[in-house]
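Only one chain is given next, in structure tokens, and it is the form predicted on its own.
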């Protein structure tokens, strides 16, 4: 009886946390969330936030560059996002002579805004539930491949039948593990220009040491502008394009935030898996994450050594390093968080309650009693192959450039057919451009050292029969992993820009294909890829569909069995809204973090000359003079960042943090390290999102950057004013 009472108490607490949990579909908030949001302090109506027929906050939110979020902050297309979201574009526009990474940049006027080639901004026009049509003709007895084929056919018909403008696109995405489907009508702008960003000493202050950490003091923002054609529609870059006129742009609050204030984050969260079983998340936290962390730790240490010695290497590798380090540190926090905050025990208790409930219902018991046991067994079966996949991909594809490049070009190389050279030749121009961009930031000496470390990790830790024995033998024969990497780099044309580009420019397709197929790097990749495809991937392809089927059934079962619980769909890079409170937290005994940091904290961390904690002299001067202008608090401090209980993940980077009136109060850019487990197990007691305070953004633009003219096209509000439609 006591155990049963404990389970019911746990479930009640689990369900009550929903007010601070969830990534909700905007088109459904009137039905699902408006009442709760108003109870927490929201002053808007649901259709102020999302409306397909008239302007709403939705129209200010875009997916930036395919993986982040951005928002409109003026009627003239001014776009705000994170510094790290705009980093690739800033890096591509930088050089030793014009180092916008180190020095920052502010356009003096529209004519000096820099075209950010390849950067896009995608807006959602409307969202429709198309589940009935997408699943038409689908039956429970279908095999997974047959089921997906029917769904694909239905979706193709949907896309053809849906009315849209010629500049719009249609996307249909699965939700709740494929139990529901939603259609999104979108428009994507391709003329995006770089307006300004602070130097990395502000935009990336704290760098990797502070990444995923609170207290945080990072001015993580950058500004771009969207341009459109004369009719305000998406168009390719043209000097004749005009600044985009959005349906809505966000007023910016000068009031700031206080503990307990309502907040909401609107954006495009990437991926979560909140409804997995205990066996699934334990495999991630205790088997897969530790392996990935160990591999990336080796790669990062090698890269860091070169970056600290050579400024040119630092410029070239800073974005790559940050990308590798971001997941590395996140996985560390995920491992620790799930263990410390008893994620496995909570999942087990939830599953025990699920089992107890279905046993009391004869119909449920027949349909669902084998779900969890079968899932547990399948995760046990797939574990060695999932680990083998991560070892191969992390060492031989993701974390060293030469093997990653060979992998990306392998399809093109193997496409050569002497009877039909056109397929190969047609892609040659694109390959030339792609590789020219690759070599711009490539340093063979760095990659050689990383390759040696990665081959050692694979040779010494992966299963011998999956190619590790071959790598180990090759290293022994060469005189060690370092010597093996040196030999490979010296002999491979992929590692030598002049030879590779000359090959593409001067040789016929037959000679190009023959040379690349016989290249030492390609042969190594081909050997290991053969092991991976034949022994690892084949088993994954056998087992994963079985897991997917059962997970879809388990998801449907949870929603049926726990009717008192509202289930938000896992993130899948579609437009979502999350909401909560501005609130500090206590990560461990006797430690209590406040909800806000300020510029004094930046100066406490300041280390002259350090690449992570140095700051510009001008910022020091402004701090000493307390020259904060209208952006200071009533007690004379300059806020930098704040935290809240909004449920965010990757893809929410750059998302606006909004107050109860829909005014911009901050810019989401991170989560606390203790709560990085939130992708698998959100805990409102410990999970916090981190935001740059809007006042710090304005201060840096105005007082530090000298670009106050940009504020003239923004709408700054004070006194918790309601936004105007």
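The shown structure was predicted, so the numbers you read here are calculated from the model rather than taken from an experiment. Positions refer to the first chain, counted from 1.
The same protein has a further form, the form predicted in complex with a small molecule, not shown here; the description that follows concerns it.
- Contact annotation for residue 225: none of its heavy atoms lies within 4.5 Å of the small molecule in the predicted bound form.
- Using a 4.5 angstroms threshold between heavy atoms, residue 653 counts as touching the small molecule in the predicted bound form.
- For residue 671, a non-hydrogen atom is located within 4.5 Å of the small molecule in the predicted bound form, even though that partner is not displayed.
- By the criterion of a heavy atom within 4.5 Å, residue 212 is counted among the residues contacting the small molecule in the predicted bound form.
- From the list 56 to 64, 35 to 43, 662 to 670, 696 to 704, the contact stretch for the small molecule in the predicted bound form under a 4.5 Å heavy atom rule is 662 to 670.
- With the partner omitted here, the residue from 649, 253, 645, 201 that has a non-hydrogen atom within 4.5 angstroms of the small molecule in the predicted bound form is 649.
- Scanning 84, 576, 217, 296 against the small molecule in the predicted bound form with a 4.5 Å heavy atom cut-off leaves one residue, 84.
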